[in-house]
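As a starting point, one isolated chain is supplied in structure tokens, in the form predicted alone.
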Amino acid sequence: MEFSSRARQRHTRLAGDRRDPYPHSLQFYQEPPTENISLAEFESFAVDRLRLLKVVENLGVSYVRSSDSYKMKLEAEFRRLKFPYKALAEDDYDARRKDHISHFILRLAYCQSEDLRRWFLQQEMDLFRYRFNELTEGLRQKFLEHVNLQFEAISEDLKNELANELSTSTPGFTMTKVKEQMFYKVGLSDAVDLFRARRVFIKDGFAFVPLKDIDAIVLNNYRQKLSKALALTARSLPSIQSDERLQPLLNHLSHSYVGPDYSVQKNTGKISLDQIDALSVKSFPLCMRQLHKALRDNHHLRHGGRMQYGLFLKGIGLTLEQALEFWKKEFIRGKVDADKFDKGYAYSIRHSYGKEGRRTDYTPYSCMKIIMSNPPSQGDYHGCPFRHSEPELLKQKLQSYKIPPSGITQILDLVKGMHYQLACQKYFELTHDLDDIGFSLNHPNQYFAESQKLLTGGRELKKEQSHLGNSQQKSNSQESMTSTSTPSSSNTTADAELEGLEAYFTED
């Protein structure tokens, strides 16, 4: 069934059509959406789900997943973003629709590489685990039937009859715990892993699985289905790449940053060039500290490093005139003379400030862009040290910065789990003597701003007394746009529609 507008959908439901495509608040996302949606809604749904998955990632590392704090914070995010956080009332159609469509949009965006697929799979698994465990007994049974997993909850009489066997066959289960826990009768083929590990009671060809393990069986089933679906969707990439409406949006989403806009330079002209060395030690994230040190040591950075570091400096407040002076002073200390700098490098600096070429005011790179784009090669210093450095080299660098051994171990564990932004958060906590950072770190300029808030007690940076800085600040304030937390796209229009999304999720 296809609909061209939301109004028709609502009218159909009110007219008594009970063929609701979302009979349950939870699903395995096996059927792709078939309705038409606007590009604006397409991007809005995707960005909201991406925010939700980022929260899932951060909470999964910061809290025990079954803890009250984890559940409370995640439920608050579900409510804020209007996703179905548990089995809601029957009129939660819009939330379920958003959940369904947004999953498939991000599946398109995150099927494009092995790293993206792995990250998406892990966050969706954690999200599903939370939602499944929040279901009541009756709704859990309905969901299992809905996805054709026929696990029957055993009666209290049968459980009491088998209490001794269940206690001795299920690790960690006393008789009291057996009486408290619900058990399911599961076919052996679905409980092979539990059977091999001798963690389950077997009788008459069935495994009697406690509730705490039934979610592992359901999750494993979901993982297999989603992993296969991602691989299948990846095969459709050529057809997606030929779609001029979709491809820019999907590329943007897979490298998307959903926080404040740091192209709006609130501190323009308030930082002097003499402060940069000290700030690089106190308030720069590791990626920018690495670039600054390389520039001071070698008096040169390649293009990737100049772009990443130059736009970061622009974001923390360097005016165009300051940037030209800063880079020129450093480059002429090396093998570049003043004339060569003016002819070969000054143009690109002016270009990044929107003063040359198409007059594009370039935005400082987000963490996701640095992690996913343009990996450094030999002789390069850009990129994310947590993503692109060898573990031993990263360990040596952290030791040189006086990070304690226990902190280095924590960071390396996060890196091993591919939680690169969380590793940077841990670095922030260790260098600022914090137990909990209290926010999700997604941008190098956010790192700098939060560091300065802590170090200055929330005071603004002292303004540099320079007419150049003042004039540049005035110029930039006139040209700046209001910051927004939603990524923009040049081809997002409210009246444009996307049709037939299901074509991208089916085999040729």
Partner chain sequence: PAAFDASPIPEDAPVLPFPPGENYFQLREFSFTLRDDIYVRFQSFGSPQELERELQKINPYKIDIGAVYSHRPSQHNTVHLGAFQPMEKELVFDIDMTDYDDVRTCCSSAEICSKCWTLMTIAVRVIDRALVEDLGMKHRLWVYSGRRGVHCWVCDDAVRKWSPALRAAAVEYLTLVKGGAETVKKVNLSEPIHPFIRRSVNVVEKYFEEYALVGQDILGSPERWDKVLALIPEDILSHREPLQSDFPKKRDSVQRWELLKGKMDAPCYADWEIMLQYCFPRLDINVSKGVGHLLKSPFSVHPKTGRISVPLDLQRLDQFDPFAVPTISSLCHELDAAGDDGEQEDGGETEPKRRVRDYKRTSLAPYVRVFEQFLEEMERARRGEQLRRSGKRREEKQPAWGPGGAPWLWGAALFL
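None of these values were measured; they are calculated from a predicted model. By rigid core we mean the largest C-alpha set that fits within 1.5 Å across both forms. Positions refer to the first chain, counted from 1.
Only in words, not in the display: the form predicted in complex with the partner chain, which the text now covers.
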Within 4.5 Å of the partner chain in the predicted complex, heavy atoms considered, which of 168, 251, 227, 160? 168
74, 291, 109, 200 - the one with a heavy atom within 4.5 Å of the partner chain in the predicted complex: 200
Would you classify residue 205 as touching the partner chain in the predicted complex, given a 4.5 Å non-hydrogen atom cut-off? yes
With the partner left out here, check for me: in the predicted complex, does some heavy atom of residue 196 sit within 4.5 Å of the partner chain? yes
Please determine whether residue 273 contacts the partner chain in the predicted complex, using a 4.5 Å cut-off between heavy atoms. no
Contact label in the predicted complex: residue 188 to the partner chain, heavy atom within 4.5 Å: yes
Heavy atoms within 4.5 Å of the partner chain in the predicted complex: which of the stretches 188 to 196, 395 to 403, 291 to 299, 421 to 429 has them? 188 to 196
So which residues in 403 to 420, when you check the partner chain in the predicted complex, have a heavy atom no farther than 4.5 Å from it? none
Core-aligned, is the CA shift for residue 174 between this form and the one not shown 2 angstroms or more? yes
